[in-house]
Structure formats: structure tokens, C-alpha cells
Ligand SMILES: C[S@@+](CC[C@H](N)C(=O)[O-])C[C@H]1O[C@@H](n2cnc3c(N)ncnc32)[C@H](O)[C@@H]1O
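For reference, the chain that follows is the form predicted alone, supplied as C-alpha cells.
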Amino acid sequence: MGLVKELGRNSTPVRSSQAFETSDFLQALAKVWADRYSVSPELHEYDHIFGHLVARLSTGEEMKVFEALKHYFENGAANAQQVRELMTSLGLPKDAKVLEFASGYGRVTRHLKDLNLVACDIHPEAVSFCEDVLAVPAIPSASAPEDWEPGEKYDFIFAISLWSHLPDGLFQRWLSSVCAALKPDGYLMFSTHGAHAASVVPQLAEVLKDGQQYGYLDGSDQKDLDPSIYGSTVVLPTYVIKAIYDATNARIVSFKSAGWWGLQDEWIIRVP
């Protein structure tokens, strides 16, 4: 889910790259899966999540598309339901104002139109797609956290797999900016690669050496983002707890190891 490309304090939006071809075959299959969940079948040609799935799943070209679409819609629906259940567990009302931060091209967004939801992303194409095609209100992010202007405050903000990509410094600065967009008693949920992820992904384990609590690898599924500011991040609880208390006035509500996809840790914090 793309969010930030920082070139000093330049706030120019990041533009996506590496489009995939939207063939008649792909569109027909997308409609089959989308109809199962009563959501839009539309896919943007720059959807990096879908492109990443096509690149890594199966072998034959047609099977790649089939498996990628299956995963895209099934997992998007499952993640949306997890968000709903989380909101219920926090006692948030059905009309709570919700922001999906780093929403990308609507993998989860399209399944949450029953919520009072706003999407947010750094890619202008993603913002336009969510608004014009998925009919979900959307706002742009900014290149630097301090330049982001959400325009209003929210009861609940969730960011699925963003802080799992942010390097040291931006990790803390985005916590500060996003928490500032919460209403009093508002909640932020974000996910990270933690100890469990390091135990099953050797590349993450390799950067946690000599008792370090933080590690960073160049490269991600978003090839348009500079790897010096967006890659693959692994953080242990001590690092995250310190980042929360250094960057925000929030308190930690809960922590769930491998709470997302059986891989990423779930953190929930609440501002006063």
C-alpha cells in the first residue's frame, strides 16, 4: 500500500509506474470474483499489489492471472472483515469516521463502502481511482509527513502494511502526523514486520543482527518508490514502543503478534 516518497521536503505527489495490461480475459475473471463479494471489478493498470501478485503467483500466464485475482479479492474481503471486527471490538459506532491510510488502488477499500470511510494515498492515480471508479471519498497524502493535510479528524485510522515499509525516522514522523489526525479518544491500527516475520523470512532475520531492534532492506513491491525511503522494515516491540512514546501522546491499547496474514504484527494505539 503506497504512501511516501520523500525528496527532501518536496511535496510533489509520487506517480505510479510499471503498468500491467488489462486484457479482456483479466476483466472477465475480475468480474467473476468481484460478483462474489458484490464489489467493483475494476482494476487500475498501476495497481502495484495486483501486479505484485501476478508476478509471484503460479507459473502459466493464465494461471497467474487467475490465482492473483482470487487472492486479490478473497484477501481484500477478509482484510475488510478484520477491520470491521476490530472496530466492533473497540466499541466504535457504525457511523465512526474512518480513514484508510495508504489505501492504494482499493484492494480493501472496495469492500468497506458500508463504513463512513475516506481513503488516502500518495499516488494521485490511486486517489482519483478510489473517488471516480470505486465511489469512495479520497484525499492525497504528501511527500513529507509534516506536509500532509487531512482536512478533518477521524475516530479510527488504519494502515495495513505501511509501517512495515518505512525506514527509521519516517517511521516516527508518520506516527506523529497520523495520530494528530485523530479525534480525542481516536484509535490508530498499524501493522509491522516483527519477530514472527523475521522467523519465517530469512532476509528480515539477516538485518536483525547483534541484538538490534530495527532492520531495513532495500526494495518493495512498489518499484516507483525510492528504496532509500520505502523498502522492507522489521522492528521488534522495544523499537515500536519507544517510537510510539517518543513521537505521540498515545497509549498502547493492544499488540497481537502475527495478527495480519499470520505474518505482520498488529498494533493499536489510542490518543487522549
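Keep in mind it's a predicted model, so treat the numbers as computed, not measured. All residue numbers refer to positions in the sequence shown, first residue = 1.
The same protein also exists as the form predicted in complex with the named molecule; that form is not shown, yet it is the one meant from here on.
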* **Segment that reaches the named molecule in the predicted complex - one of 118-126, 90-98, 182-190, 197-205, heavy atoms within 4.5 Å** => 118-126
* **The single option of 162, 138, 77, 157 touching the named molecule in the predicted complex, heavy atom within 4.5 Å** => 162
* Asked: Quick one: is residue 142 in contact with the named molecule in the predicted complex, heavy atoms, 4.5 Å cut-off?
  -> yes
* Counting only non-hydrogen atoms and a 4.5 angstroms cut-off, does residue 130 reach the named molecule in the predicted complex? -> no
* Asked: Hey, in the predicted complex, does residue 50 get a heavy atom within 4.5 angstroms of the named molecule?
  -> no
* Asked: So in the predicted complex, does any heavy atom of residue 45 sit within 4.5 Å of the named molecule?
  -> no
* Of 88-119, which residues get within 4.5 Å of the named molecule in the predicted complex if you count heavy atoms? -> 100, 101, 102, 103, 104, 107, 108
